[in-house]
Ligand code: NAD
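The data below hold one chain only, encoded as structure tokens and taken in the form predicted on its own.
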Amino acid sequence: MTSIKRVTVLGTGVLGSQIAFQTAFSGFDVVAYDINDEALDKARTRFAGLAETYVADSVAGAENGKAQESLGRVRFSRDLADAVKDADLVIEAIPEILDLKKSTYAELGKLAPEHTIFATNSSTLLPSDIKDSTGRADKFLALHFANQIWKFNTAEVMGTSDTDPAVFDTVVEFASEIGMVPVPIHKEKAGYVLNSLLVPFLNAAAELAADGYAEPADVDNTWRIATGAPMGPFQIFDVIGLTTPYNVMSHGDEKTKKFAEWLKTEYIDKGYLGVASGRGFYDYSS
């Protein structure tokens, strides 16, 4: 067992809520932080929905009341100092905007106890891009989860040259304690393992649809039939939520930026954000 007992998750969006709930489900005390009451009200709804999902998906123990009990181990806060005052580990899951992450860590570094470990769930940014903002580069690394954490339970752990090896090992062990399969990454790689494979795949799918070669549903159908995969790329887009791919693509080359604009105008601007909003490339309202 690690020395980690109390965990704070910064950001209660789709994945942040999943990380916080899975951690509470695994027996840890959790503080879920977000910037205002509106965001936290949405988080409470997400957490309640996750408790139901764990039962529906037959997650071990959920049907015996464990999922509902987990809700009692989560405290909500919009005061950062309050949220991190007792934290052994802070997992950051805020938007993929480098300046926002840097400013958040600069504040966090002043407020959290000296022993607190910081972990970013960033899906594309390197931890070395952020480490100097933390004020504790030796206690900072990346801990990256896949969406639908209770089913796709990988946790990629990636440090920097400054990360204390003992901290790295502690976070690897913590990932196991919350039911994840840890994936230690031995040196920094943008996109880690998962997104190094996934992002080019999704970009290729976006090109086919955005440039008018094929409809999203036909792309998905082709991939599923020809490979035996359970999901096509546009189904994966919807699970991830379209905002994160848009933010990532917006910082790519000109071709990728064009796909980002297509996502924005054809889907995001219309409120089609993926499974969580009830509609993305597919309609989930029923």
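In this text, residue numbers run from 1 along the sequence as written. Definition used throughout: the rigid core is the maximal C-alpha set that superposes within 1.5 Å between two forms. As the structure is a prediction and not an experimental result, all values here were calculated from the model.
This next part talks about the form predicted in complex with this ligand, which is not shown.
Of the candidate stretches 111-119, 209-217, 161-169, 144-152, only 144-152 has residues with heavy atoms within 4.5 Å of this ligand in the model of the complex. Interface residue among 205, 94, 83, 91, judged by heavy atoms within 4.5 Å of this ligand in the model of the complex: 94. Residue 101 belongs to the set of residues with a heavy atom inside 4.5 Å of this ligand in the model of the complex. Remark: residue 34 counts among the residues lining this ligand in the model of the complex, judged by a heavy atom distance of 4.5 Å or less. Under a 4.5 angstroms non-hydrogen atom cutoff, this ligand in the model of the complex has residue 12 among its neighbouring residues. Using a 4.5 angstroms limit between non-hydrogen atoms, residue 39 touches this ligand in the model of the complex.
Fitting the two forms on the rigid core leaves the C-alpha of residue 59 displaced by under 2 angstroms between this form and the one not shown. Once the rigid core is used as the reference frame, the Cα position of residue 240 differs between this form and the one not shown by 2 Å or more.
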